[in-house]
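The chain below stands alone and is given as structure tokens, in the form predicted alone.
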């Protein structure tokens, strides 16, 4: 059976295909068809020969099978430290075997690879820090996901997510009209409390172009309003694009390489059209990685950089506090034990560990900030990164994965967790729902707004 109604080897590209796949609740028929899917071994091997670079080949060959990467992996730790969860074993038994057999593998093997790639690795890249040879299994698993996607072996939710990007240019069904109307709605909704508040759309030559996560207009529009309020109070000249506002990339999680490139080119086209001085992305880890770290290479940019300087929201927030554009009322600072979740994608993978702690120094009363152990670039994944949060088929495994972050938080004694990343925020929310440890969690934006020392001219007139 080469293809089927849902689990075919071609991407979802139309709204009709999306609706059909979404209609298969939980992917029951999708996975049933996957059981009968043929592996195109010739195509698989041709793809490996064409796309596998010398670095990945070298990593597979020089792995000493020493096992020193084992303890670096939180999934190894929370799953009874079984050998099957050692990072080197996971990649050698999947991609390594696929290469050795020159793509001549069967359906059962590919389904095993799919489960390993999406439920036994979040591509957090922590293992690469501890391997004596610098081998990064997270990078190789990202590559493996692409090979699996090309053969139709990808979790149902990520097949849909990548399809959403192709059809709507966003990970959720948010049209251009929906997006613009949400911006107008949020400005109107908050103008009474914040006179003069605007969310400018398609303003050319602004100092800042702001991009976000599609989950914000779809489910959390207040996040867009909060960003607008902080830009407003800081006196920034900013805008959002009507097209190219969606910064995330579920296609990166899915391994849909072609769509990854298309996503980032859409954002870059907005930058080139509106010509801002720089761009700022929302409190999202993988969105930053997809657009700023990996994106330039997907787009074929020879300098490895986006068209304009592109920073994460925490970088702008630290800058605004440092330069006095935003002022904190000392009486409103956090005065309870609080800890911080480090996002793998912009702390470990881009080194922004000190920026987040600079923000903490402004908003938390001295003596109340408690670091997780370990922390900064050594911190563990939230437990739901790399698409793990959204895959129903592997929900049980994901809930086990959350135990590491649960224990880290419990060890701090804190009841408040700051999580400046959508995946981390979601995982910690789910952690509380699953284990009921009595914590609260928050992005930075609402916390900062609640403690601002706002200039009088920006406040509503007194009645």
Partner chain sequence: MFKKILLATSGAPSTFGAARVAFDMAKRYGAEVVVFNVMGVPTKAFSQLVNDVRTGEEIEVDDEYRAWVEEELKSTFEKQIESVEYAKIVTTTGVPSREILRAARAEDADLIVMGASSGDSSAYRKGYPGSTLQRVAKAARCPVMTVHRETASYWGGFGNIVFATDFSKQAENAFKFALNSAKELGCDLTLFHALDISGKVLDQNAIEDKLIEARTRIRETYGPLMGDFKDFDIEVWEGVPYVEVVKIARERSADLIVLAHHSRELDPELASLGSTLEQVILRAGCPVVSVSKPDKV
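Residue numbers count along the first chain shown, from 1. The structure displayed is predicted, hence computed values, not measured ones.
The protein also exists as the form predicted together with the partner chain; that form is not presented, and the subsequent description refers to it.
Triple contact flag 71, 353 and 403 to the partner chain in the predicted complex, non-hydrogen atom at 4.5 angstroms: No residue of the spot touches the partner chain in the predicted complex.
is_contact(residue 103, the partner chain) in the predicted complex, heavy atom dist at most 4.5 Å: Residue-level check for residue 103: no, no contact with the partner chain.
Close approach of residue 289 to the partner chain in the predicted complex, 4.5 Å, heavy atom: Although the partner chain is absent here, residue 289 would stay clear of it in the predicted complex, with no heavy atoms inside 4.5 Å.
Contact test in the predicted complex: residue 171 vs the partner chain, heavy atoms, 4.5 Å: Within the cut-off, so yes.
4.5 Å heavy atom contact, residue 215 and the partner chain in the predicted complex: Within the cut-off, so yes.
Contact stretch among 237-245, 151-159, 299-307, 132-140 - heavy atom within 4.5 Å of the partner chain in the predicted complex: It is the stretch 151-159.
Interface residue in the predicted complex among 390, 255, 385, 163, criterion: non-hydrogen atom within 4.5 angstroms of the partner chain: Spelling it out, the residue with a heavy atom inside the cut-off is 390.
Option touching the partner chain, based on a heavy atom within 4.5 Å in the predicted complex, out of 362, 109, 369, 185: Result of the distance check: 185.
In the predicted complex, residues of 216-250 near the partner chain [heavy atom within 4.5 Å]: Sequence-ordered list: 217, 218, 219, 220, 221, 222, 250.
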